[in-house]
Structure formats: C-alpha cells, structure tokens
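Quick setup: one chain, the form predicted on its own, written in structure tokens, and binding and motion questions come after.
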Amino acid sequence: MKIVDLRSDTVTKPSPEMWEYVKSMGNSQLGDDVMGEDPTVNELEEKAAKLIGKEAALFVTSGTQGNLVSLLSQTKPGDEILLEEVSHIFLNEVGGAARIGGLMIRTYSSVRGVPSFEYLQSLIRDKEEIHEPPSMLLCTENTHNYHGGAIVGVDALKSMRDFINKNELKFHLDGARIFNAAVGLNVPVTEFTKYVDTVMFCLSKGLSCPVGSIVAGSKEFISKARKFRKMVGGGMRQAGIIAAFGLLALEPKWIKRLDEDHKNAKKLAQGLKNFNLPIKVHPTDTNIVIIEMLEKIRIIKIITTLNKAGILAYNISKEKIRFVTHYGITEDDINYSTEQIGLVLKKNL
C-alpha cells in the first residue's frame, strides 16, 4: 500500500547530495564544539548568522531548545513574557519557560498570528508596579503553525517592532519555518529578521536536516545562550557530523525548493475544497493545510481511517486535521492523497 506521510515536515530525510557531502567529511572537519573547536559547526554558525542578518549564531539540538535558551538569555526568574495563545512555545514546549526559567506567561490572541496592538497594550504591566511581574519579552511565530502555516507579514513585524520599542521590551521570533515565510512572499529572510532581537529557525523541518536548529542574535546574546545551552544539556562534542547537513540546507537552491512544498499544499487545499463537503479548508500560505470539520464527528475515527488508506496526518484539535507537505512529497502523492482523503471524508461526514 502506498504511504504518504503528511504528519509534519519533521519527517523529512536528507537529500542524496547532503549524504554525499557528509560521507566525504574527514576527521579534520570535526572537533569539540563545547570548546568551540569544531570547524564545521563554526562554519555553519557563521553562515547562518550572515544569512539571517545577525551578529552571531548558535547551533542547538532542536527548536524547543533554541526557544528555551533564547528566553533564558533575555529574562530573569519572575519576569513575564507574552506568548500567542496557540503558539508552539506555549502549547508544545512542555512549559520549559515556567519550569526552567521561572517565567510568568501571559497569552495574547491574534488573527493568524497578528495581534491587535490596542489589545496587546492592555496586557503590558508597569515595570515600576511592585505588586506585578514586569513585562519583559514578546514572542511571535512565523510561519504560524496552528494558524495553518500563516505568514506574519513584514509590515506586521514592523508594527510589532514599534510596539516593542514603545514598551521597552525584547522581541523573540520563533522562526521554525521562517524560510517558508520568505519563500512564500519572495523576499529576503532578513526582511523579517531585522525587526526582532533574536530568532530561532529549524534545520530539521522543511530544510530536511536530520537534527538541529539555529539561534541568532547579538554576540552578547549568543554568549549567554551558549552557557544556557550547556545548562540544559545541549552541549555537543564532535557535532560537525550533523552540522554538515545544515551547510547544504542553507544554500539558496535548497531554500528555494520550499516553493515546491507550497505549491503541493495549495494543490491539496484546492482539491479538498472541490469536494464541497461540510469542512472548512483554512487559508494556505505555505506548506500547511488545515481542515476543520463543520459537523460533530469523532476526529480520531477520521485519522484512523486515513491511516488505513495510507495517508498519515495529525488531529491538532477535536475539530481540525493538519497536513504538511515537505521534501519527498511529490505531485503524484498529492493527487493520491486528495483522492483518498475525499473518499474517507465522504464516507464519514
């Protein structure tokens, strides 16, 4: 039976070109990264910092770790941070900001990742008020996972920067899929990152590396982040063996390849709309397609039936199913998936 894995772009595997490059590496390209002596890691960090438009960068094991060390490096226990209410940091990172950082968390609502600034202003606490934790940092997510891979546009980020300056906050971007945003709008990634103090992006999602993410910001920030990375167990030794994949992943042609994923996602979304079933297909900006059931049904039944038909997907709520396109998914896979999803939905709705 044909299997099409649309659960996440984390299931990607490296390209043959990446494998060949890693196989060609010798011991001279490896060293102890905790001591700053792995030349491949150093090269990756320098390349990433330049690409993302920041002074320095740090290779971390995952996006969750990258976000955590970013928060720890810009706050102190008892500070309050503002997180979007369905953001990855709030919902899917095991409460690390609170448990490890001792941070107070306040959530804000948004329209596809963009908040109302009048509403956001009402959440900011007075730093001089002795009874309240000070508001210190605002986080945004781009693209926004639970809003269907929505792109938080450049103008929105500029407005958020103005808000940050007005309220003397720090600004962190969970940019796990920031290159999807850049490719989606056909603008340089620095058009997004220039408005934030710090950014994390994943190598192990659409960029198809087996392990790792990058954190970037000022040299002072990265110095602190490196220490916090060690604290949370993220110090690695001969890490060049995995960092090497990232060197090819950050080449322009591989970043541009993300456009294939976006086209496949839009094709899938349009195919599902054409069935005229009682579902809502959310707007599809990049590589994530979310469908929402408009009739009451046991969503797990839909997921189980899809799995039996060879279509792997995630139920992200009691009403919504997420499909994610990525490297390795072809146009033929999309045609097959559309047909199978339609059959399953027609039988169960």
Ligand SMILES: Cc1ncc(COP(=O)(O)O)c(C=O)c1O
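All residue numbers refer to positions in the sequence shown, first residue = 1. Keep in mind that what you see is a predicted model, and the values were worked out from it rather than measured.
The same protein also exists as the form predicted together with the named molecule; that form is not shown, yet it is the one meant from here on.
- Heavy atoms of no residue among K76, D79 and S135 are located within 4.5 Å of the named molecule in the model of the complex.
- Among residues of the shown chain, N67 is one whose heavy atoms approach the named molecule to within 4.5 Å in the model of the complex.
- Contact annotation: E191 falls outside 4.5 Å of the named molecule in the model of the complex, judged by heavy atom distances.
- Residue contact check for V199: none of its heavy atoms lie within 4.5 Å of the named molecule in the model of the complex.
- In the model of the complex, the named molecule lies within 4.5 Å of some heavy atom of N145.
- Listed residues R161, K273, R112, H88 were compared with the named molecule in the model of the complex; H88 is the one with a heavy atom within 4.5 Å.
- Of the residues given (A216, A181, A265, A176), A176 alone sits with a heavy atom within 4.5 Å of the named molecule in the model of the complex.
- Stretch 57 to 65 is the contacting one of 278 to 286, 57 to 65, 309 to 317, 42 to 50, since its residues have non-hydrogen atoms within 4.5 Å of the named molecule in the model of the complex.
- Contacts to the named molecule in the model of the complex (heavy atom within 4.5 Å) from stretch 330 to 349: none.
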